[in-house]
Ligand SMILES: Cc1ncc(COP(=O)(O)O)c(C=O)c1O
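Quick heads-up: it's one chain on its own, the form predicted alone, in structure tokens.
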């Protein structure tokens, strides 16, 4: 059963009361432990900070607000390295006929293995962070990479990808057409597509990428428990194609089963494919077309991952389509902390979750939605800041020049 909530200042919401009797087994605790064990073999791996925003929580009237700061991941300023490293390692372990559970990342960098894989080319499409992660992982292993970006992409993000070792281009097409171009290029040269979205016949690599993302979800739980909190009551997850959101929600569904945290999926209003799919209420994923223009470049995707869509459909409580000012609000809140709360540099795609949380808890106009999500003084909220200032110039325009002001 679905319920559409009245639009408030551009914020559109669908509430779901779906009940299911299965769990996404590929995101189980056992699988995640294997992923974490592999990530631990990568030089420079460490758990990213989980920041407790205690003063903000008090101001907003909830028990806890935690924010996982992924700007510290592998020096890439974003979380995507978790998925790229694991997917490429899984692909290579299959090609080499070895068990990934018995090898390390350094094994794949050894001279003997490097000689075997040196001619492999990994191809992908990206709005920035994923392509940089694929380029970084490929270069670490002595392989080549080709990266395509959609029109309007940041030149700074393009340069980051090139600096990581890739051959990279901005195309005159949207993100989903850039994905199609990467598929064509891989077929043309005998390369390997490393894409974090799935389509019919291409599910294995995206599933490995999703498994890679579960490391941060497991880290967050460990860190919460060290802080004296057993579990979150609410999780807010931003979605592009839905791979990150599906990975985190799928893992938490396995861990907590019928006590899974109330989870809200958030998208930009011009690229709200998950929201539109939920609204259709036919169980199928639905695409959004056009330029997908939004400041949340990492979420500007029009075609959902067909595997993680099912997880989001079946386990999420709410689907929210929101204007860009929500992300800008979150960025400013994190850049200007209350009291001794830690300052966090969070990019456009990273801060939208906290932006929405603050509006739900502060604005009388959103009180009905707040109540439907059961947010109250006992709530323990987790958000994931999936990137830092991956385009510093754009970040500064939003923080200091007031771009995308709030209507409130």
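Given the structure is predicted, the values throughout are model-derived calculations rather than measurements. Residue numbers count along the first chain shown, from 1.
The following text describes the form predicted in complex with this ligand, which does not appear among the structures shown.
Interface residue among 238, 145, 215, 85 relative to this ligand in the predicted complex, by the heavy atom within 4.5 Å criterion: 238. Of the residues given (137, 299, 278, 194), 299 alone sits with a heavy atom within 4.5 Å of this ligand in the predicted complex.
The stretch in contact with this ligand in the predicted complex, judged by heavy atoms within 4.5 Å, is 242-250, chosen from 85-93, 228-236, 159-167, 242-250. Residue 379 falls outside the set of residues with a heavy atom inside 4.5 Å of this ligand in the predicted complex. Within this chain, residue 80 lines the site of this ligand in the predicted complex, having a heavy atom no more than 4.5 Å away. Under a 4.5 angstroms non-hydrogen atom cutoff, this ligand in the predicted complex lacks residue 32 among its neighbouring residues. The shortest heavy atom separation between residue 129 and this ligand in the predicted complex is within 4.5 Å. Looking at 10-46, no residue comes within 4.5 Å of this ligand in the predicted complex, counting any heavy atom.
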